[in-house]
Ligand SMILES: O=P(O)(O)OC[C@H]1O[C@](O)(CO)[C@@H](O)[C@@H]1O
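The chain that follows stands alone, in the form predicted alone, written as structure tokens.
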Amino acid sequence: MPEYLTPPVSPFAIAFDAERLTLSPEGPTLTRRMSDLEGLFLDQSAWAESAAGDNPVVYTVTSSPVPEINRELPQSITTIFPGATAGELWMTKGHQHPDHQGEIYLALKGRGGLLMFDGERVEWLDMTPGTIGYIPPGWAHRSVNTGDEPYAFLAVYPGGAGHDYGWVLTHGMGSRAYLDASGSVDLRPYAG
């Protein structure tokens, strides 16, 4: 498995393959299956049935070899597969940065959304190829696939910001994403 580079990191070029959605040289790749998303879907019975059944891959994160440490600027490509669990659209776990810093997401393929929550307010950005979503410091964020094909985006973030996934389990995300009868995003109260 590829690893992160050992600092100090020398200047280098990163090739982006838009067709395969890969970075080269590559760093670690993370695969999140349904069983990795415990506590995130409103319908826990539907989640448990899926996790115990075929346990599908919900998303992958392919990183460059830039390490996640202070003063570095790592990049990764996340691909969320299409699907829903009891109607709730497939999503990333979502996280808050313990060291509040901003981040950007560039939509590459498919259709998705960027759900953000600061503990009081909810913001939603529709994400289609070419859209850059800006995540301000202090906002928890999660990406959602709102289409019928894989949704992929490039993330660029401060390496020392960290990822607090427990924050979302404790505080929620303010809203949950579903599709209405017309295929539009239907944000519903988080509840649970």
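Worth saying up front: this structure is predicted, and the values here are computed from it rather than measured. So that there is no doubt, residue numbering starts at 1 and follows the sequence shown.
Heads up, the form predicted in complex with the named molecule isn't pictured, but that's what we're talking about next.
Of the residues A155, M34, A140, V66, just one reaches the named molecule in the model of the complex with a heavy atom at 4.5 Å or closer; this is A155. In the model of the complex, the named molecule lies farther than 4.5 Å from every heavy atom of G113. For the chain shown alone, F117 is not a contact residue for the named molecule in the model of the complex, no non-hydrogen atom being within 4.5 angstroms.
A residue is said to contact a partner when one of its heavy atoms sits within 4.5 Å of a partner heavy atom; Y105 meets this definition for the named molecule in the model of the complex. The named molecule is not drawn, but in the model of the complex it has no heavy atom within 4.5 Å of T85. Contact with the named molecule in the model of the complex, defined as a heavy atom within 4.5 Å, is made by none of R20, T29 and Y151. Interface residues of 77-93, taken as those with a heavy atom within 4.5 Å of the named molecule in the model of the complex (partner not displayed): T78, T92, K93, in sequence order.
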